[in-house]
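In structure tokens, the next block holds one chain alone, the form predicted on its own.
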């Protein structure tokens, strides 16, 4: 991450903040999906989520086919109506309707512990509580051979014998298999070098195949994933997100330019979101809700936040306090991930009663307690402890809960976390506007 980004964020409050908050702005171009494309909408809690592809989606293709012995497919954990992830609400429906036999419920990674008792419905309900309540998949990584740290104690609420100091259990949300045009690193910890390798590793771990997937199968999976664009298209209060000059929806998203570092360094612009500039002064029947969305977008771009003690940011910048905005890190234009493959620790890995926590001692004698060592399990470096990627924000309303470990159940929980963590001093009205905006992404 470039040293000047956060400083430019503050300068941008003065230099370009009015771009996002004044006037009606220019009308965005009308984007009409051409013939032969794919467009599908699904209801979610705040309206509808939409997926668009410039090619037809073949639901008999490899992504939707069983590649292993446990009846799972990629689609088992990457569902269009859940923003191509999975959500507790729908997982609970799947558990009830199948009496716990849906392919997602496999003890090897769906249960809190691979050896948990799942012999009865009641036992399975308890064993799959992390998946059912937080949408978390259990995974493990071996301790890196060059690790500058060691796990000296484990506090595991599940007393799982497979959770050890050499292979800690890591409970993480499945990242969406859509909007991959804007990727800033593959997986939460950035451990995969490319999408084809990721598809192969995921197949080998989660579907228990007898033989690895073929190169042709992996290519088909990646081709599908990279063709998909997903975003909220309809809001229960604001209405059609392309009405009145709005630029919501997946078709507009698919036309968004991107390259690594597109909004960083000397070219950083804090007004990373410009979807609803035209809604600031609308007067139609949805005007109240639309104006709230527009205010939330301005707040996201411009409201100062005090960034302190964020490893991967403050230490990289060499400044203990940086005054930035939400877009200091969520800077990919109209997408909201980081346009660089940065990984940070904002404190979401702090000990929680539902997750195993690890007391880790670094070679320099320092100790840290975390539920997930994050990037450090890839690099072996204590400096990378608990760091994870900044994911994209499009389709947020369709895929709660939030953060890598599902610790924020709703978008207001995300806002409250950031408000407290970064001393934003938000009013209730500002929080409502921010949630209104994030719900339309």
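Since we're looking at a predicted model, the values are computed, not measured. Numbering follows the first chain given and starts at 1.
Just so you know, the form predicted together with a small molecule exists too; it's not on screen, but the next bit is about it.
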Exercise. Would you please decide whether residue 373 lies within 4.5 angstroms of the small molecule in the model of the complex, comparing each non-hydrogen atom pair?
Key: no
Exercise. Check whether residue 47 has any heavy atom within 4.5 Å of a heavy atom of the small molecule in the model of the complex, and answer yes or no.
Key: no
Practice problem: Would you please decide whether residue 52 lies within 4.5 angstroms of the small molecule in the model of the complex, comparing each non-hydrogen atom pair? | Solution: no
Self-check item: 4.5 Å heavy atom contact, residue 181 to the small molecule in the model of the complex
Solution: no
Exercise. With the small molecule left out of view, choose which of 357, 163, 73, 317 has a non-hydrogen atom within 4.5 angstroms of it in the model of the complex.
Key: 73
Self-check item: Heavy atom within 4.5 Å of the small molecule in the model of the complex - the one residue of 227, 242, 292, 348 that qualifies
Solution: 348
Self-check item: Stretch from 392-400, 53-61, 374-382, 37-45 whose residues place a heavy atom within 4.5 Å of the small molecule in the model of the complex
Solution: 392-400
